[in-house]
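A lone chain, given as structure tokens: the form predicted on its own.
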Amino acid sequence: MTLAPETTDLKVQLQLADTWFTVCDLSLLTPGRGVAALLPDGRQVAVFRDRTDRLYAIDNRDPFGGAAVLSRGLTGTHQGRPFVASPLLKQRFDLATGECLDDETVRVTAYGVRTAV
């Protein structure tokens, strides 16, 4: 059996200050995995689509190791909170808030995300 890729005209957009920035086509996001995108100011963002089709976006830079790798982390849930675990030192970051679940004094920026035609 061959599965056809999903086709849609929906775009994933991030809220940056007072404007929405188009990142990619929704069809390019694989549920349960992240992708990195470059923002206009040169920062990187990690965008995730979970298995229930909810979208999340956080800074891609791991504040513990300093590398831009969060988009390559493993996703999961802890007590109902969606997270990504950094591939470096395995700290978990809440995808909705950016809060580190393993060190409450650390967080990354979380972005508003939407789909648009």
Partner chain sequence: MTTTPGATPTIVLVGHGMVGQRFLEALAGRGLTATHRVVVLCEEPRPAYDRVALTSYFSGTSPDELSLTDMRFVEDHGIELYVGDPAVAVDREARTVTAGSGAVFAYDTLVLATGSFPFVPPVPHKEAAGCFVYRTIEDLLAIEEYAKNASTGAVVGGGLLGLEAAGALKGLGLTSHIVEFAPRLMPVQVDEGGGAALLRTIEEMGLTVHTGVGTQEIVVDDAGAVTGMKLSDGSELATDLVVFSAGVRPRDQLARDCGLSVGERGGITVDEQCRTVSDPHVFAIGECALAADGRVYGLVAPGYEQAETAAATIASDEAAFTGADLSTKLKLLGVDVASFGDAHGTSDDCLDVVYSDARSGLYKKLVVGRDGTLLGGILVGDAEAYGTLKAFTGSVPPVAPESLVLPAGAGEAVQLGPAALPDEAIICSCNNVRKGTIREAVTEHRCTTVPEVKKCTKAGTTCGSCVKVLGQLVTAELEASGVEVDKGLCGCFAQTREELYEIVLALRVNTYQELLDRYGREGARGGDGCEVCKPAVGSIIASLAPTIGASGYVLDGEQAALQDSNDHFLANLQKNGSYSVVPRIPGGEITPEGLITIGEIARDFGLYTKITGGQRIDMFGARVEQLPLIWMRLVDAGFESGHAYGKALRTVKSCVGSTWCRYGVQDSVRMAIDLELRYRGLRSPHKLKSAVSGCARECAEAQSKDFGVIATAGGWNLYVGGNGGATPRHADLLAQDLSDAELVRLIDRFLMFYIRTADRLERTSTWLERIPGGLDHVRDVVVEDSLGICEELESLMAAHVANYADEWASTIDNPEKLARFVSFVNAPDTPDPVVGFVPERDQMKPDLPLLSIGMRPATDVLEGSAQR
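Numbering follows the first chain given and starts at 1. Computed from a prediction, not measured in an experiment: that's the story for all the values here.
Just so it is clear, the following notes concern the form predicted together with the partner chain, a form of the same protein that is not shown.
Looking at Phe21, you'd find a heavy atom of it within 4.5 angstroms of the partner chain in the predicted bound form. Though the partner is left out of this view, Val106 does reach within 4.5 Å of the partner chain in the predicted bound form, counting heavy atoms only. Shown alone here, Phe48 lies farther than 4.5 Å from the partner chain in the predicted bound form, counting heavy atoms only. The closest non-hydrogen atom of Leu55 lies beyond 4.5 Å of the partner chain in the predicted bound form. Residues of 64-85 that come within 4.5 Å of the partner chain in the predicted bound form, judged by any heavy atom, are Phe64, Gly65, Gly66, Ala67, Ala68, Val69, Arg72, Leu74, Thr75, Gly76, Thr77, Phe83, Ala85 in sequence order.
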